[in-house]
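Next up is one chain by itself, shown in structure tokens, the form predicted on its own.
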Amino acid sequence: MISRAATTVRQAAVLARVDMSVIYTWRTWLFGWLVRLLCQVVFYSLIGVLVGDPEYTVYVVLGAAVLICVAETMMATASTCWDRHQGTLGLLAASPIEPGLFFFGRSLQWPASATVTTSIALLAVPPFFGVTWSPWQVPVLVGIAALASLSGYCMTLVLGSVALVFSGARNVISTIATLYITAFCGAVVPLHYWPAPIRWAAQALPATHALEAVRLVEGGGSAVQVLTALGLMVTAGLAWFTVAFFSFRLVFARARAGNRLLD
């Protein structure tokens, strides 16, 4: 069972690698995509500069850097629909694969890329706004970026399963989700400014706990505090993946039963 699941993810990841090589060359990724994301971090960080509060500037620059993994993994909402647009989704529905595992591997290029871009953003941009990193913090931040990207990707898979049915709204779905996460996860506006129901709902967002972990590292938090934030983030990611797993299964069950939902 485990071997079959690993094979499904691995074979789907081959498509992810090919897709990435078609979308980007190393030059367009490095000088186009990465530069664009770093400029986004700087743009948000200037909010703190305009406010004139150095502490808030640090708060925003760290939030903007972590939001990169949200923006990039959210692209899986659209890439989940690619098989439908290419006419191969019917073949997938007719095959014995577990759809949740297939689609987990299908867009793995985004969390892989997000890990790199988020790590670079965290390490390269904050020093220009008063943040200094010690050598031991570098691997910790890279690890947080990797876990944040994977956890956020699991959340995006739920949106992808919805977009698979309503493919015409795929960009709208991802845009609205990105806006809500940006507003409520604590990236720009501290969580304590929001009413209690919003603060509770924000706990379901992996980005909320990723931000907490990064800020604890920057502020000298204890290892227990950082690990607790990471544990909550991974738990949220696993919960979202579970929802995505059964959501994809439901969509494919309807298609395999003869429903023309995926035509």
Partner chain sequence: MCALEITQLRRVYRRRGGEESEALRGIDLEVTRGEVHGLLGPNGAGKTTLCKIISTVLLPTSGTVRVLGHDVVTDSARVKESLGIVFGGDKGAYDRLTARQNLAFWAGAYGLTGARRRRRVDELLERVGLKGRAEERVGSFSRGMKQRLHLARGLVRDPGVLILDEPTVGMDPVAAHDFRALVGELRGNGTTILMTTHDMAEAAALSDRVSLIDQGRLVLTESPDTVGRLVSSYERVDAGNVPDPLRERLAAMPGVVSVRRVGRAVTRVETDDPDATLAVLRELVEAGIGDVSRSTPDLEEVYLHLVGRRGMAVDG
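Numbering follows the first chain given and starts at 1. Remember, predicted model here, so these are calculated numbers, not experimental data.
Separately, the form predicted together with the partner chain exists; it is not shown, and the next lines address it.
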4.5 Å heavy atom contact, Q86 to the partner chain in the predicted complex: yes
Contact test in the predicted complex: L91 vs the partner chain, heavy atoms, 4.5 Å: yes
In the predicted complex, L191 touching the partner chain (heavy atom, 4.5 Å): no
L15: touches the partner chain in the predicted complex, heavy atom cutoff 4.5 angstroms: yes
Of V140, I97, V116, A169, the one that lies within 4.5 Å of the partner chain in the predicted complex (heavy atoms): I97
Per-stretch contact check against the partner chain in the predicted complex, the hit in 128 to 136, 174 to 182, 76 to 84, 155 to 163 (non-hydrogen atom, 4.5 angstroms): 76 to 84
The partner chain in the predicted complex - contacting residues of 180 to 217, heavy atom within 4.5 Å: none
